[in-house]
Ligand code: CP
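Next up: a single chain in structure tokens, the form predicted on its own.
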Amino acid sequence: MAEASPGRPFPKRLITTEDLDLEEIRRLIEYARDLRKRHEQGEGLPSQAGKCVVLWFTEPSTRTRLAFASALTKLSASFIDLEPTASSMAKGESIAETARTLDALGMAGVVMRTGHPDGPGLVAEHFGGVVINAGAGTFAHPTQALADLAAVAEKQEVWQGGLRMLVVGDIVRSRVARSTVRLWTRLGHRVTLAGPLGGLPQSWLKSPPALVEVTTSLPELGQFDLVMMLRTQREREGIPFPSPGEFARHFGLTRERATMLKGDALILHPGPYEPGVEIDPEVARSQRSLIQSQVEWGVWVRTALLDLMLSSASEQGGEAGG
């Protein structure tokens, strides 16, 4: 059997990408690449048999939930879906009390998707095992940002800094955008955020973070190495946003606009995408698109992450909140 990547213990908590230092991020991406190669060559994968992880998803998910389920299956671990409507949460039990119950039941980890921005952090305070944020409100989606990094790293040099990324769409309500900005700027890349006024964080318009630019119009596309399009999150209320047709006219990545990209520029979308709104279907399926690769790397990055975190948690032990 393959063994977990050697090195110092891996963190037990992944609430934001800042929970990993740059050395750990590189180690994770390289380990994900190694696991994928071993799988393709028919070699054995590491085993986390005997460990059970709770998939606690209170919001809909296809890619993220199935990627975690696939990753745990590859590691020979078991998992349980925690259905809020079929649990004591439907009776008013708090996140903290549920987390303490899962800890007492001996669960090895919790993977949480929730509309509550502080949900995964709250679980980490009351649960002693591995805790992974699988998307929390508009706050963060660290494993998506890491999977996207792995997809780009397969095509371009990402560790030296200097790339220019454009992120277009509903920025203010996008946990993916926030995690992307945090991760890519830490790596020394420049990120431009573009979208309608209602879709941009007002604080960033006034004072953007280092290496970040914010604009209310679509900039010249030929200057970017990476273009990430985002879905309009109409399910998250409270912020005015243009109609799909209006957004497509001003910001959509049409076939015509795609011809303005640099020859080696890559296109990303965390999915799901609305055909003809933020991106044309032909562009989404083009050779420069990494959309399918993002999904594939989502499995391998989460497999590597779970193996590293579960192995380290077993070695470290620890109390709830540790």
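In case it trips you up, residue 1 is the first one in the sequence shown, and so on. The structure presented is a predicted model; accordingly, all values stated were derived computationally and were not measured.
The same protein also has a form predicted together with the ligand, omitted here; what follows describes it.
- With a 4.5 Å cutoff on heavy atoms, Arg63 counts as touching the ligand in the model of the complex.
- Mapping the unseen interface onto this chain, Asn133 falls outside it, with no heavy atom inside 4.5 Å of the ligand in the model of the complex.
- Under a 4.5 angstroms non-hydrogen atom cutoff, the ligand in the model of the complex lacks Arg173 among its neighbouring residues.
- Residue contact check for Gly276: none of its heavy atoms lie within 4.5 Å of the ligand in the model of the complex.
- Heavy atoms within 4.5 Å of the ligand in the model of the complex belong, among the stretches 214 to 222, 70 to 78, 154 to 162, 137 to 145, to residues of 137 to 145.
- Among the residues Arg113, His126, Arg178, His189, the one placing a heavy atom within 4.5 Å of the ligand in the model of the complex is Arg113.
- Of the residues in 256 to 292, those that come within 4.5 Å of the ligand in the model of the complex through at least one heavy atom are, in sequence order, Pro270, Gly271, Pro272.
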